[in-house]
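Presented below, as structure tokens, is a lone chain in the form predicted on its own.
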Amino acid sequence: MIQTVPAMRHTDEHYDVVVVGGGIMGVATAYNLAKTGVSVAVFEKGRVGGEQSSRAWGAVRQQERAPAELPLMIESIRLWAVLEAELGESLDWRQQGHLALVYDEKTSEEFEKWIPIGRAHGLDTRMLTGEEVRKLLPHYRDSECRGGLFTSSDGCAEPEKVAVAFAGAARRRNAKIFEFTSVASIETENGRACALWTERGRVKANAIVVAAGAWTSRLLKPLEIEHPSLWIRGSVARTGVLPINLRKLVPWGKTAYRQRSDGRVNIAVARAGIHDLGKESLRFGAKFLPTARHNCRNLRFCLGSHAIRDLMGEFDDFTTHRTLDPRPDWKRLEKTAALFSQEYPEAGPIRLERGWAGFMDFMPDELPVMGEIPGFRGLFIAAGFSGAGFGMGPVVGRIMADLVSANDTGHDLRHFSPTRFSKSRG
């Protein structure tokens, strides 16, 4: 099947590999390929890191990961530890742990069940008492806290810096990064992906990596490739400079937060997301019923302007929204800031300087999709990271480069295979 887009100029540039999407997964893949001398180009419809890769709140965690993801995250932590030196940029990397707070017996029991999983993979995860939590967080004053689940080897970094740093390092190794250059379609011939149709024209390649985040399903649909994902909107706000030092660990409880190097704090609405209903809801909704029932307390459905715009086809044209910039949930953010004030009264009045939201690419089983798409030789995918992709960026870039180059990745990727959604055409 050959798909073309008329009225585009035929440049017929050629690269060994082309990557669709300039988020952390795409540019990390390009960087790792460029390190080996592969000619690679990234096509991003907006700015590098402009969407979810820069809109996360910065956690890099192994804690509470699915067992299938843990080996990848353990390697990713090792990569994060040397990433600033390798990329030559400050990423505000801190490795002082991840702490999930406990307020009730049910949560404590759930955390206790996860500890053997972490320890089986060599992690130092342990339960803390309420007293130990307060020693770790000297300004924390919530008397309801019973303790917490703590993994000291976890860390955090600044999302606004990471994708840009990967892109800069890739450019220095001769990778081409084309911003404001959307991809309209993928061309295939004789069962093989062979080219992209972009705003620059037709671009040929030996292999194509789709790392388009929330846009992935729409890009693959014309090829009749199923990527059953939903857009889940998460909101984050940033405070002014606070007169307390929260260390640089990442706590997660009534609120989720990370203190930046400038003293400001990113506050996220913990365990809560919004699904703006639209075309993908109609297309894939049935696949998400088990997940929706399991996460009914943490997920809200919204039927508003987004749904109308989607049903009218506004998101079918990849040039319409260079950067998805959804409205943050200010009502919940204000409530979250009030909860933070109760937990940290010494911080004084909390003023939210700015807020933002991003769309996460959620899968029915909440596991990512990584690998070659069955029935389409040379067409690879790295998407569906379900809100937990930021920390995995470095290892995913390394793995995708190895997959494209037919090298051993060193990991069992069967749980992430596209075959669980797209059956082979061959």
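Only a predicted model underlies this, so the values are computations on that prediction, with no experimental measurement involved. Numbers follow the displayed sequence, beginning with 1.
In what follows, reference is made to the form predicted in complex with a small molecule, a form of this protein that is not presented.
Novice: Can Phe318 be called a contact residue for the small molecule in the predicted bound form at 4.5 Å between heavy atoms?
Specialist: Phe318: yes, in contact with the small molecule in the predicted bound form.
Novice: Would Thr181 count as a contact of the small molecule in the predicted bound form, using a 4.5 angstroms cut-off between non-hydrogen atoms?
Specialist: Because a heavy atom of Thr181 falls inside 4.5 Å of the small molecule in the predicted bound form, the answer is yes.
Novice: Give a yes/no on whether Gln52 approaches the small molecule to within 4.5 Å in the predicted bound form, heavy atoms considered.
Specialist: Looking in the predicted bound form, residue contacts with the small molecule include Gln52, since a heavy atom lies within 4.5 Å.
Novice: Is Val20 near the small molecule? Define near as a heavy atom within 4.5 Å, in the predicted bound form.
Specialist: Val20: contacts the small molecule in the predicted bound form.
Novice: Looking at heavy atoms inside 4.5 Å, which stretch does the small molecule contact in the predicted bound form, given the options 33-41, 59-67, 369-377, 397-405?
Specialist: Residues of 59-67 come within 4.5 Å of the partner.
Novice: Please state whether every one of the three residues Gly213, Gly358 and Phe385 places a non-hydrogen atom within 4.5 angstroms of the small molecule in the predicted bound form.
Specialist: The answer is yes; Gly213, Gly358 and Phe385 each reach the small molecule.
Novice: Though the small molecule is not shown, can you say which of Arg202, Arg332, Arg264, Arg322 has a heavy atom within 4.5 Å of it in the predicted bound form?
Specialist: Result of the distance check: Arg322.
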